[in-house]
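Consider the single chain below, provided in structure tokens and representing the form predicted alone.
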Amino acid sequence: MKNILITGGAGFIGSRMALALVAKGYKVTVLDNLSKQIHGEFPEEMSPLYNSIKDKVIFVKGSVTDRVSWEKVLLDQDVIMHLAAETGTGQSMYCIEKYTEVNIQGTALMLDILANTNNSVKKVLVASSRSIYGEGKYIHPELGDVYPKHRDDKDMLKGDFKVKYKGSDNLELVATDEESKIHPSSVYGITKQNQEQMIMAVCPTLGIKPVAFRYQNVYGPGQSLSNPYTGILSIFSTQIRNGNGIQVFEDGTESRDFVYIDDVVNATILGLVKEEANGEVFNVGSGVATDVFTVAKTLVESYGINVPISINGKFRLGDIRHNFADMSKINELLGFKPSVSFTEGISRFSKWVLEQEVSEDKLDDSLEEMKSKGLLK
């Protein structure tokens, strides 16, 4: 399987994946629309991600929502890595049509074409997301494993950000495994769940092997520093380099699982080459929960720029409290273990950031937009 199509292959994860595959001798085709939110106003001239791959792959500018674009890129492909998606939980709650069109309809169109045309595709790998889980997995002192629903905004307005279940907040956070309950709390999460389920259900009927990867919070060199809707590492970095104080939401102890880009690429390539991956879904993370205040503090120290960090008690409706990945399955079946610690990853990331031009801090504009939609409290 030497011919690989990567949708969204000029994006943060996709471009890194494309370069890794080319280095291994694969022939890579990329389908990407070069979104201005990710690549800037003049992507074909100014986007570092696009320019890193343009001479190394067969590049087709187009959309996964366009049948003609698909027909241009599918000829003779052995594998599809379906990474193209609109990303960002907050923005998805008011750009609903856009997210469903790209993420759900784009995937449906791909599968429709595969089901109704002659093609050589043998495997489809899809970038799913930890967002499909919603809140993570907890242990209740009396009930055992539980999966709490969204937190009540009435509690959060009072500064009570704890996760509760059946009247108790005495819950122990544990790693979320692949058998955990799926109950997304955002439109983005719903669309990723739909993507994953369609691919896992349809591909076997076509004789195509599906594999899904539920990525946690991916970070590293190459991620957009100007997009204020995704990635707190890039958002905080841009604030710090502009000399602006960091405003940490909730009480600062909310946590995420941050996984370095090279680990994500390596895990996905294992899913490509190993037969044991076929028909399976895998978490891809570090397996470690890191709280947001620690993230902010670590970045300030890494850049050596002394800006204030304040905890403001604000919150976004639909945001989860905690989620980190149980990595047992991908380790057992594919032999994958993350190799880059958070400390090492932040060191590499911050070194790269300091080599980039300082981006305009657009966070306040994005927050005002969310506030006007009733999503920021």
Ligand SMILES: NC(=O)c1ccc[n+]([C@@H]2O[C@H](COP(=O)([O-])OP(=O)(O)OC[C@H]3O[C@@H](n4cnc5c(N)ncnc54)[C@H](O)[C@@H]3O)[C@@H](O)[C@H]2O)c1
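The first residue of the shown sequence is 1; numbering continues from there. The shown structure was predicted, so the numbers you read here are calculated from the model rather than taken from an experiment.
Below, we refer to the form predicted in complex with this ligand, which is not included among the displayed structures.
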{"query": "This ligand contact in the predicted complex: Tyr188, any heavy atom under 4.5 Å", "finding": "yes"}
{"query": "Heavy atom of Cys203 within 4.5 Å of this ligand in the predicted complex", "finding": "no"}
{"query": "Contact label in the predicted complex: Thr87 to this ligand, heavy atom within 4.5 Å", "finding": "yes"}
{"query": "Contact label in the predicted complex: Ile38 to this ligand, heavy atom within 4.5 Å", "finding": "yes"}
{"query": "Which of 301 to 309, 245 to 253, 76 to 84, 110 to 118 sits within 4.5 Å of this ligand in the predicted complex, heavy atom basis", "finding": "76 to 84"}
{"query": "Option touching this ligand, based on a heavy atom within 4.5 Å in the predicted complex, out of Val218, Leu233, Ala267, Val211", "finding": "Val218"}
{"query": "Position in contact with this ligand when the complex is considered in the predicted complex, options Asn283, Gln91, Thr238, Ser128, heavy atoms within 4.5 Å", "finding": "Ser128"}
{"query": "Heavy atom within 4.5 Å of this ligand in the predicted complex - qualifying residues of 157 to 186", "finding": "none"}
